[in-house]
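Presented below, as structure tokens, is a lone chain in the form predicted alone.
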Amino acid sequence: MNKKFVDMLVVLLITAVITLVGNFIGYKINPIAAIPGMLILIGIVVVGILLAEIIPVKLPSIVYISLIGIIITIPGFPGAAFFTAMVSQVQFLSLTTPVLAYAGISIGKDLDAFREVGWKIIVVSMFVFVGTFVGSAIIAQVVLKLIGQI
């Protein structure tokens, strides 16, 4: 195994542990019960990354990871019910915590690059954040109205 692959596995395992802790604290899901789902998610990520490396069509690994996740949970796919049941023990927001922390650390090491961009990045970021929030709120409002929840 090369160093890059080992480093990726270490990051995945750290992310998994943080996710399991967040899953327990935030959603009271026993980490032991969530381990099978977490292992499935790690397996999907590893296979997706390997596919991105070996398939000659250069697509980001997230494409392969998403496709694998979609395919194995399609009703009628062998084991779909099992995969869905196991992965449902890992809450989405528990997964976002370590990912966002990693993104923050990554951005923090590039502060010099941000200083070069200047104050304009703050203005653009604020418009993006506000636009995303307002857009999401509008979509949620429309969907909730359509399904009769509000």
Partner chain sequence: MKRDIKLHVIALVLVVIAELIGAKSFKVGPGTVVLLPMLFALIMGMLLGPKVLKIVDMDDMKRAAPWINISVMLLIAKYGTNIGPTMPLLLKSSPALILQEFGNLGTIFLSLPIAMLLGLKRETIGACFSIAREGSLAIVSDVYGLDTPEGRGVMGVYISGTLFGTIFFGIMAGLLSPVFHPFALAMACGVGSASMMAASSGSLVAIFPQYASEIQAFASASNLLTGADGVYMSIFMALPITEWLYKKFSRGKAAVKAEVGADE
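Here, rigid core means the biggest group of C-alpha atoms that superpose within 1.5 Å across both forms. Numbering follows the first chain given and starts at 1. Owing to the predicted nature of the structure, the values given are computational and were not obtained by experimental measurement.
The form predicted in complex with the partner chain is left out here; the points below concern that form.
With a 4.5 Å cutoff on heavy atoms, G69 counts as touching the partner chain in the predicted bound form. Mapping the unseen interface onto this chain, P31 falls outside it, with no heavy atom inside 4.5 Å of the partner chain in the predicted bound form. In the predicted bound form, the partner chain lies farther than 4.5 Å from every heavy atom of E53. Shown alone here, F82 lies farther than 4.5 Å from the partner chain in the predicted bound form, counting heavy atoms only. Contacts between stretch 68-87 and the partner chain, counted in the predicted bound form as any heavy atom lying within 4.5 Å, involve G69, I70, T73, I74, P75, T84, V87, listed in sequence order. The Cα position of V11 differs by less than 2 Å between this form and the one not shown after fitting on the rigid core.
Relative to the superposed rigid core, V46 undergoes a CA displacement smaller than 2 Å between this form and the one not shown. After superposing the rigid core, the C-alpha of I35 moves by less than 2 Å between this form and the one not shown.
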